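Read on for two forms of one protein chain; each stands alone as structure tokens, with the labels structure 1 and structure 2.
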Structure 1
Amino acid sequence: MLRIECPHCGARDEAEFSCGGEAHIARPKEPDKLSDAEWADYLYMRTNPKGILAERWCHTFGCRRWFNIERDTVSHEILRVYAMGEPRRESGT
């Protein structure tokens, strides 16, 4: 069971949250100019590290707001909670 520190509500159980997958995937600025391979990369290809992953979560059964976390995918330790739009750390993935 993860205990996630919601930036707005404090620490709550995993069951209150929804995981939105990898964070920092930016929508292409000029979609018309993308090749099929670039579209595939944006839509489907994912960073799936054995280690630290930046991901989006939503406090669905609480404040219903989205935020980012950095989490270790082996130990499940949550290393950082930060706001949507804040950049990732250099050391993160």
Structure 2
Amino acid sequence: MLRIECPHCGARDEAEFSCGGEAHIARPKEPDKLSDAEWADYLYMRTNPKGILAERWCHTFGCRRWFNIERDTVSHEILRVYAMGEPRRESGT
């Protein structure tokens, strides 16, 4: 089980949290103008890398606030926890 450092409540067990998927996915500015293929790409296509991934998490059974985590998908090591709205780091930093 992961130990996640909620930026608002401190360290808690993973069971208190819900993963919301990949972070920093921008909603289309004009969704009505997208083709079905473009809309499907926005909804379903994610990078799914083997390595470092920025994810959105919610402290569901705590403060109920959203935040981001940079996590290594191979080792599950949490490299960084940061607030929603903060930019992700560039690769290799």
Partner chain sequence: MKKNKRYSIFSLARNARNYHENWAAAWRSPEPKPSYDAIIVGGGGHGLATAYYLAKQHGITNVALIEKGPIGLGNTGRNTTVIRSNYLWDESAAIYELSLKLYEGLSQELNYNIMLSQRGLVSLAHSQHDLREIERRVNAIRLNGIDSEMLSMAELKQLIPILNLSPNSRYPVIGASIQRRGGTARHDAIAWGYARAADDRGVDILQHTEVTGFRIQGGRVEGVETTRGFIAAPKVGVAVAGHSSVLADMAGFRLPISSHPLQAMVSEPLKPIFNTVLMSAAVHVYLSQSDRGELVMGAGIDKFNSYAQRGSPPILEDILAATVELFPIFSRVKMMRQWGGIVDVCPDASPIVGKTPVSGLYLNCGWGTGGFKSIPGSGFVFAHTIAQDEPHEIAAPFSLERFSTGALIDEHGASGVAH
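Each residue is numbered by where it sits in the sequence of structure 1, with counting from 1. Only the largest set of C-alpha atoms that superpose within 1.5 Å between the two forms is called the rigid core. This structure is a prediction, so every number in the text was calculated from the model and none was measured.
The form predicted in complex with its partner chain is structure 1, not structure 2. After superposition on the rigid core, displacement of the C-alpha of Asn48 between the two structures stays below 2 Å.
Residue displacement note: Ala37 has its CA displaced by at least 2 Å between the two structures (rigid core superposed).
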